[in-house]
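Next up is one chain by itself, shown in C-alpha cells, the form predicted on its own.
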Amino acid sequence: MEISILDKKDNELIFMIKGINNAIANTIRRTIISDVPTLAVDEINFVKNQGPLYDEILAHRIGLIPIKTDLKAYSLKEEATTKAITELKLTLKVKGPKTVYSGDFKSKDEKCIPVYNNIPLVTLLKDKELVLEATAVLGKGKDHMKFSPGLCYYVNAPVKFKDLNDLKSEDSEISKENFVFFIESWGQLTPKQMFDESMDILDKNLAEFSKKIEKAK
C-alpha cells in the first residue's frame, strides 16, 4: 500500500492510496464519518429563555454547533476510566436587543470552543434574556450526525483535476486500481486528525475481531 498527498489545506485533504480494494476504501470512508468522535452539545439546562424560539428548537440549533475537540483530553462515556474527562461545560448569558451567536458561548476549556463565532441562534428583543448551561460530550456520527467530524468520499477511476498541479486524467498515474480520497473537516478536528484517528479505530476493531475469531476456534 502506498499513500501520496495530492493537496492539503486547513480544512481539506486530498490523497491517493494505491494497493487497496473497494471494500477497504469504503471501510475507511465510513469509519471517518461515522466512528471518529467529536464534541457536541448533548444536554442543555435553560435558566431563562425569553426569546421567540421554544427551548427544543433552540436546543436543536445549539446541538449542531461544531466544537473544537481535544481527543487526548476527553473520553467517550462508555470507554472512560474513573479519572477521565467526559463532559465539557459551556455557558451563555445574554440580554437584548441582540442577535445571539455561537461565539457568545463561554467554554470551561479554552481549547474546546465553537469552531465558528458567527452562527446565528436567535434574536432577542430589548431587555429579553437568554441564560443557559450546555453540556457537550464526545459522540460518534453513527449515533447522531452532530458528532460527525466532516465529509469523506473517494473515487477509483481516472478523474480530471483542475487544481491539483494540473493533473490530467489522460496523462496522470491515477488508474482504476488507485483510490483518491477527499476529506473535508467541519472544524472540530483537522483532516489529518480525522484520518489518523480512523486508522487507530480500525486497528482496534480488527484486533478485537481477531481475538473473537481465535476464541471461537
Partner chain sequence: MIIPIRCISCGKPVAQLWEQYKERTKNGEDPQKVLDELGLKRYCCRSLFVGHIVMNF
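Positions refer to the first chain, counted from 1. Small disclaimer: the values here were computed from a predicted structure and weren't measured.
Quick note: we don't show the form predicted together with its partner chain, though the next part is all about it.
Residues L64, Y101 and K146 are all found to lie within 4.5 Å of its partner chain in the predicted complex, as judged by heavy atom distances.
Annotated contact segment (heavy atom within 4.5 Å of its partner chain in the predicted complex): 117-125, selected among 117-125, 133-141, 70-78, 89-97. Although the partner is absent here, I44 lies well away from its partner chain in the predicted complex, with no heavy atom inside 4.5 Å. None of the heavy atoms of V155 is located within 4.5 Å of its partner chain in the predicted complex. Within 4.5 Å of some heavy atom of its partner chain in the predicted complex lies at least one heavy atom of E12.
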